[in-house]
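Only one chain is included here, represented as C-alpha cells and corresponding to the form predicted on its own.
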Amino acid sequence: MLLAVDCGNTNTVFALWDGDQMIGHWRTSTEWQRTADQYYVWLSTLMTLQGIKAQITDVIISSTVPRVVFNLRVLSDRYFKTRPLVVGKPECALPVDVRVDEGTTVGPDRLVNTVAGYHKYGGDLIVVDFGTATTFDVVAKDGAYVGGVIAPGVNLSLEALHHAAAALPHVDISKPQNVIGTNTVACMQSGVFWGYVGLVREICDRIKAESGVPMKVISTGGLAPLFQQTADLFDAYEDDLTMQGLRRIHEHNKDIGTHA
C-alpha cells in the first residue's frame, strides 16, 4: 500500500492508498520538530482506531517545508523499510513538463496539483488552491506547468488585519448575507469574502485573456468549499486533488522504473 504525505505550511495530510482507493485520510499540524517516532505513534494509533490493518510498502512525500522532510524520510526508512519518493527531487520523475524561467524552483504542491488536474480534466486549466497562500497554477494544453500566481491566503489576510489594527477583532471567514455589514465582524467578513471572490475572478479572467484559450477553473484546499458557493467562480471543486496527484506521480515512477 502507498502512504502519501502532503506537508504544507499549516497542516500535514497523510493518505493511505490501496491501489486507486483511498482507505484512510488524516491531518495534523505541521511542526518541523516532530520526530519520526512521534509520526509513527500518531499514525498507527489512528489506523488502529479505524480498524485499518495495512502493510505500507511505498511512501511519497510533497513538502513546502524542507525541514520536515528529514523526519518523514526517517519515518519511511525506519518503520516501513522503504526509500520515499520526494516530489521536486531529481529522482522523482513527473509525468508533465515544467516550463518556467531557468533556475526557478516551483513548489512541489503546485506540481502535484498540476499532475492531478491534468489527469482528470485535461489541459488548458487553472487550479486555485486555498492554502496558507492562495495559489493559481496554469496548466497548458499538453499538461505542462507553465507558471501561475501567488496571493496571500484568506486566513493569513484575516490574521494580518486583526494584528495590524488594534480595534479589529479576530473573526472566522464565512459568506455574509449582505455585502454591506452593519457591525464590525460583518464588515470584516464581507471585505475578506467578497474581496477574495473579486481577486479570484479577476486573476482567472486575466490568465484566460493572456492565454487566449477557453480554460476550466478548478478549486481545492481548505476554504475552497466556502468559495464554491459563489456561482460561476469555479467549474469544479476537488477535495483530495493533491493526494490524487501524489498517487499519479508514484504510479508514473513505478511505470518507468525510477523507483523500485
Ligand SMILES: CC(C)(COP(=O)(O)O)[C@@H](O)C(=O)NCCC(=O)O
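The numbering used is simple: start at 1 and walk along the sequence shown. Since the model is a prediction, treat every value here as computed from it, not as a measurement.
Form predicted together with the named molecule: not shown, discussed below.
Peer 1: Out of 133 to 141, 89 to 97, 174 to 182, 75 to 83, where are the residues with a heavy atom within 4.5 Å of the named molecule in the model of the complex?
Peer 2: So the stretch in question is 133 to 141.
Peer 1: Going by heavy atom distances of 4.5 angstroms or less, which of Gln228, Ser211, Thr64, Gln38 would be at the interface with the named molecule in the model of the complex?
Peer 2: Looking at the other structure, the residue within range turns out to be Thr64.
Peer 1: Quick check on Cys187: any heavy atom within 4.5 Å of the named molecule in the model of the complex?
Peer 2: Although the named molecule is absent here, Cys187 would stay clear of it in the model of the complex, with no heavy atoms inside 4.5 Å.
Peer 1: Would Ile150 count as a contact of the named molecule in the model of the complex, using a 4.5 angstroms cut-off between non-hydrogen atoms?
Peer 2: It does: once the named molecule is placed as it appears in the model of the complex, Ile150 has a heavy atom within 4.5 Å of it.
Peer 1: Hey, in the model of the complex, does Leu168 get a heavy atom within 4.5 angstroms of the named molecule?
Peer 2: Answer no; every heavy atom of Leu168 is more than 4.5 Å from the named molecule in the model of the complex.
Peer 1: How about Leu161 - does it come within 4.5 Å of the named molecule in the model of the complex, if we only consider non-hydrogen atoms?
Peer 2: Result no; Leu161 lies far from the named molecule in the model of the complex.
Peer 1: Using a 4.5 Å heavy atom cutoff, which residues in 1 to 30 contact the named molecule in the model of the complex? It's fine if the answer is none.
Peer 2: If the 4.5 Å heavy-atom criterion is applied to the named molecule in the model of the complex, 1 to 30 yields Gly8, Asn9.
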